[in-house]
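Quick heads-up: it's one chain on its own, the form predicted on its own, in structure tokens.
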């Protein structure tokens, strides 16, 4: 452990009050409540905030807690923050094994002030520096020049920071990341504010005569406001942006490892479907030869919803245990829709009533799950009513917001938290509780959630939205990799068959391939004219199971986002001095294209570049990452260090493979491989460069992988001087699961 003292400018008066930040901070107090019962209540110091009477500003002491991870506590941070709620266990060895470029020099110029209950940060920006992250955005990827309030909410029409995942983490093109660990609405001015004492002031221009005048003059800083008496800062070093993101993900416990069935195809049925209707739906999928691993039940599985009883409706589901068993025998898992609000009079309400907040939502009470007793009551209810009979997971709705119906910020909760704090952490609490329940059973789960934030990286949930723009969904998928969250561009309905197939293709190249027919009643074959194309996309999804499953292993063990922006590819943003002088569309269109915002193409796993086509498009531009690239379907060379035009018919999604790329695939199937099942495997090989792939397998259902019971086998291809391919496959540990009975290679590149 070593400390680095960073002094602010000597001209500033300061009274330092900074020290190394501890990881988990809360004080437990047991009190008696005059309600005929005694309950345990955990009071957090946030319930009695101390308001600064004086200004505190000055030097910061960062402590290197892990290799390339630096922590500091400014002022007096509140006891509840994102990491105290999510309780991640950093993957220390994986972080230690990473390269580091040491403490980022820019951090010596970070300034802070704590005054009147607010903390202000000023973080320097270089002139060419780009900033990514700061939550899930649907219209933008590069955040410099933006103003955000990181506020848990549904997605409206503005790019203002109100979003399903307002993650207060950003990554810089300089190769560092920063987490502002405070469960508050955080205001961020990303290179928009100009201090009059700036060391790099903008040029003063006369609008009357100077055509270069701008309403947004140059700014050399990120300025941040946290409405609290202090904040914890965690700095992640590079040297590359990807390294900083990997460190952040690993610090937060690594990405989730889904069960194998989670990588299959999902279908959510209409709201009031009964057990018989679900059985008929499963049969229809089988008759159509369409893949199906998960059926999602929407609100009508419950005796009442909005608010939710969490109890089975006996008219639609008279024997849920029998139904779960029958569906499981058919290879289909069940996922239940829920929201957090409890109606008076329900069985669970009568148990939780003493642990609820001051306000209701849809006339339902809001439990305070920061309280251990409240968590235990809900977990026991879910266990006895759902998990014990075979339910495999949940879709957690309405944990993000919408001011018109959510509790207001003036709300209070038994733990002492206020409405703002609870809004920021509620999604984390729900995910943590459910994940813990499955972990205790040694049973992996995979689900959906409408909110996530810092520290939620490790939870097995994929974000979704009621917002329904195909283009914006892809931008969100691009952004997800900067924020440690997962996102699905789920399919609900479409006005045309063309849009239907285009949406389905991109859903099948995302963390969760799913149709959500809760309101529309759509099915994969709802547009017969494109059914074969839709079916081909779903079958390809399952053929690519070993590729995507291995990509999630990379996420879990190494912190590499399985779906991410092309800007994170090595060398993508690098511009030589010579290129800087030719950044125009005629002299160097490729260099110019790489510097512009790219929000409609993304990397899927280590080797695939996906460039969606939208309804009405027959072609599009694709900015290739550095190196040679090949068509996924044919192996044909498509370009090197250039912008290409993609032209694909309705039957194919534009997908490209890097030189040396290896893509493991299994035969067409209607279900992902089950535990103990073995299937043949084919590696498609693209290009002529040497390549390698880490092929992962485990039992697909339990947490045995956490204790090392898995195979992660390196498969490589090299070429002799005569061009002969030489393959090498590391040994498989026969004591651990291995789903592949044979392995062959298919060389795709055309002569």
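What you are looking at is a predicted structure, and each value in this text was computed from that prediction instead of being measured. Residue numbers count along the first chain shown, from 1.
The form predicted together with a small molecule is left out here; the points below concern that form.
Contacting member of 630, 518, 563, 547, with respect to the small molecule in the model of the complex [4.5 Å, heavy atom]: It is 518.
Considering 369, 310, 464, 176, which brings a non-hydrogen atom within 4.5 Å of the small molecule in the model of the complex? Flagged contact: 464.
Hey, with the small molecule in the model of the complex, do 557, 692 and 714 all fall inside the 4.5 Å heavy atom range? Result no, not one residue of the spot touches the small molecule.
Among 505 to 513, 570 to 578, 326 to 334, 389 to 397, mark the stretch whose residues have heavy atoms within 4.5 Å of the small molecule in the model of the complex. Answer to the contact question: 389 to 397.
I'd like to know if residue 117 sits close to the small molecule in the model of the complex, meaning any non-hydrogen atom pair within 4.5 angstroms. Although the small molecule is absent here, residue 117 would stay clear of it in the model of the complex, with no heavy atoms inside 4.5 Å.
Would residue 652 count as touching the small molecule in the model of the complex under a 4.5 Å heavy atom rule? Contact with the small molecule, no.
In the model of the complex, is there a heavy atom of the small molecule that lies within 4.5 Å of any heavy atom of residue 298, even though the partner is absent here? Flag for residue 298 set to yes.
Is there a heavy atom of residue 285 no more than 4.5 Å from a heavy atom of the small molecule in the model of the complex? Result no; residue 285 lies far from the small molecule in the model of the complex.
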